Ligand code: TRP
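Below sits a lone chain in structure tokens, taken as the form predicted alone.
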Amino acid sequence: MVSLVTTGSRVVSGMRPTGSLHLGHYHGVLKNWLRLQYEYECFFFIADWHALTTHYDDPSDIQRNIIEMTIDWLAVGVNPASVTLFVQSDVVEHAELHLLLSMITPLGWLERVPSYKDQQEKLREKDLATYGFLGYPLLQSADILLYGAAAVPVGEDQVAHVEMTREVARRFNHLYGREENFEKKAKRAMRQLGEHNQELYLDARRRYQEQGDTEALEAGRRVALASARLTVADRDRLMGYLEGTGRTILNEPEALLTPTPKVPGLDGQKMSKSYGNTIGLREDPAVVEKKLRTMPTDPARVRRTDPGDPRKCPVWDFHQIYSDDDTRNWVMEGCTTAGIGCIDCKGPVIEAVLEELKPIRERAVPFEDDHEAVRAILNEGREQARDDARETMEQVRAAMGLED
């Protein structure tokens, strides 16, 4: 897949409201968001409807979890002045687009999503024989397509979701992107670019269509996206005309592959609340220190004088994240020769984790004391998101014959 994602493009990502977050969320998702928020136009949302796909039987904690998770986002440094933060269900267009896309999405596309059967297996104690669970990948597609995302930050295990979203957008555009007098309207839109940019656009179109030059395609898109004179509909027409297709109503997003370091839980399994092995981002320092001091180590080290193997110890995984080469070499040498004890080994990790969490706890305090301020941030983001969502839905409804 050729990536055409450029700095300044729009990125969309969301998280289910599970309450207060832990180090697994921080290193697996949030640290990446902190980087993206200054490189792209970011929409980050709380996926409360997605939470219902697996926890529909007990929604009592959703509202509290929304606030707690938002506090964690703000505490780690997600900046509402740079990104749009909002709650999914506050923008009802997510549901409307999901419904309309369900009219054209083959059932087999949903059933073949790898995580569908995987989640059913992991959550066997729950009754997941519902349309909501089957259809959640399509709701994800609606979440992305509603805002014209150029990219979605995902790990390898989520690429299939983005690929399905691309297929849905492609099918929608094929069915509904053919409008009467398309070429005439596209040429009229070109005149809004100005003489110089029109020449750049036409040159890029020629090089892409005649030579398959993907760099030219990217250059042509930049010209169209940079013009403040264009309406959204005209910009979509120029995108389609550039590629030699009809009008692009729903943009096909790219998968923005992001590094997802393995963050172990206290027992060596993946850090997860369901395993009871987490370190919360705002936990009391004394509690964090106790958890790390008492976490299990290499079972071969029964006595202090027994040599061990760091690679068989959960603490070693923490060293991979928090320690430099010199410290890791010290651990490897000391453990395998019984030169250091397990408490010694844990010392640098405890110090590094506490140092990392301290500013997060401090930044969280004002929001913990003022939930109204948190709601105000989400409300402001809601209005920004609604404006874009409504614009998209006007085009979708018109294309499907639901309004003039």
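Since the model is a prediction, treat every value here as computed from it, not as a measurement. Numbers for residues come from their place in the sequence shown, where the first is 1.
Although it is not shown, the form predicted in complex with the ligand is what the next lines describe.
Determine which one of 239-247, 180-188, 98-106, 139-147 lies within 4.5 Å of the ligand in the predicted bound form, judging by heavy atom distances; exactly one does.
That would be 139-147.
So the ligand isn't shown here. In the predicted bound form, which residue out of L36, I350, A47, I377 has a non-hydrogen atom within 4.5 Å of it?
The residue from L36, I350, A47, I377 that makes the contact is A47.
Using a 4.5 Å heavy atom cut-off, which residue among V154, L175, L110, L128 comes into contact with the ligand in the predicted bound form?
None of the others qualify; the residue that does is V154.
Does Q158 reach the ligand in the predicted bound form if we count a contact as any heavy atom within 4.5 Å?
Yes, contact at 4.5 Å.
With a cut-off of 4.5 Å between heavy atoms, is T392 one of the residues that contacts the ligand in the predicted bound form?
Flag for T392 set to no.
Looking in the predicted bound form, any heavy atom of R16 within 4.5 Å of the ligand?
Contact check for R16: yes, within 4.5 Å of the ligand in the predicted bound form.
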